[in-house]
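Only one chain is shown below, in structure tokens, and it's the form predicted alone.
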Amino acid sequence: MAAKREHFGGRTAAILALAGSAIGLGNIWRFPYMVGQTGGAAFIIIYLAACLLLSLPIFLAEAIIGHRTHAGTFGAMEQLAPGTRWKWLGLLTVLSPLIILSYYSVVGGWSIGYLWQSVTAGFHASDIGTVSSAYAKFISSPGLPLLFHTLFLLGCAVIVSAGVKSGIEKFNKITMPLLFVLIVVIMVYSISLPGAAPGVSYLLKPDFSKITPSAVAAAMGQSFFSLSLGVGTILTYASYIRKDENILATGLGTVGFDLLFALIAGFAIMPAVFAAGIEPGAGPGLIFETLPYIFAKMGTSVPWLSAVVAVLFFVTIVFAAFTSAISMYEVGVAYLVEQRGLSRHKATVLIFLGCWILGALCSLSFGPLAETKLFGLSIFSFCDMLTSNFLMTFGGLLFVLFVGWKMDKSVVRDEFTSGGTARFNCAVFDAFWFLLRYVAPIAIVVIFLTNFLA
């Protein structure tokens, strides 16, 4: 079985795939509005520190497990801790990404819908309230959101069913460079808008009075969720990395790409928000409410340019959603192929059906099933709360504890240093070991409590 297992073609392919898993709607949607809500550059500084001191060690812990075993989440835990309850961590990190994928594909479907609208009709509105009403009407209707949810999930299935090299690797090799080109083009245009200068200053000049405990916790949480930690996607992709590849270099490359994209996205969105005279802390509706209004407002002076920018923006959104979604899809497929002996095609179909059903319920929870509540929440909000507030942080904590306290230190060092061949001082591993064992667990608990009490 191990001899037939696919691998990424090299370090570049692995970094692009892992970066694709990390770079998603969170970078384009969540990061800019969190920057807006927590004071601009001050948040960015904390976020940078959180990525390097917290999320990178957690990322490496998860990657070490996958790279060591060359197995999916369940098989990896069975190899490293046979006959123990750690196998339930493997099962947890099979289920978590599939729940996320189910409602994530709903939002991915919305992005396809808005791309279609930007291509066919453009955005027309006299005020932001009109755009917000159109958004509410769209997501509450049962037909189109379900159709776009189906198309998005079907696209993921086609990519994953093609395999690791021919599907996932090839898709990321094409889309990741394209994503960066698109977001840079949008950034250049956004910065050039009249009235954009305050938005640029907002991102560059830190207001340290905004650095509060809640801002620090928010930055740590964003860095954690942005890299898709705690749900097995990093572990699964790392299991496809060849044995001779350096995990630290791959991790640094992935975190670097994720950071760079998030920062560019901030400069692509916030100057346009300021240019339109909109409150920078606009919140989660930024993509589907605020930005369409901005495109409509642009269209009053240069209609064709507004249409082009809108199309480019939603193409970026769709591609970013796909690169993250296929990594979550692959976790479930890897489990069914390796542990249940299914063919990749059959596994892909089963995951599609399961995620489509739950995703359909999430989509309908904005309309016909709006009155159906789970612990006082809609189906969509419950799935989001369950995974974001509990399963992701719990999974991340268990990964950290497993590598930092269960695995033998010599084994971890062997993976971290590529069998002792990596060229760096022992102090680098010692710093990683300290952060992993003592800092990361406390930080994850802080993130958990912050989300729980919010």
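Residues carry their position along the shown sequence, with the first being 1. Please read these numbers as outputs of a predicted model, since none were measured by experiment.
Just so you know, the form predicted in complex with a small molecule exists too; it's not on screen, but the next bit is about it.
With the partner omitted from this view, the residue of Ser228, Ser111, Thr250, Ser190 that lies near the small molecule in the model of the complex is Ser228 [heavy atom within 4.5 Å]. Scanning Phe148, Phe319, Phe274, Tyr104 against the small molecule in the model of the complex with a 4.5 Å heavy atom cut-off leaves one residue, Tyr104.
Stretch 22-30 is the answer when you ask which of 66-74, 49-57, 22-30, 399-407 has residues with heavy atoms within 4.5 Å of the small molecule in the model of the complex. Using a 4.5 Å heavy atom cutoff, Ser324, Ser327 and Met392 all lie near the small molecule in the model of the complex. Contact annotation: Ala265 falls outside 4.5 Å of the small molecule in the model of the complex, judged by heavy atom distances. The shortest heavy atom separation between Thr254 and the small molecule in the model of the complex exceeds 4.5 Å. The small molecule is not shown here, but in the model of the complex it comes within 4.5 Å of a heavy atom of Thr233. Using a 4.5 angstroms threshold between heavy atoms, Ala347 stays clear of the small molecule in the model of the complex.
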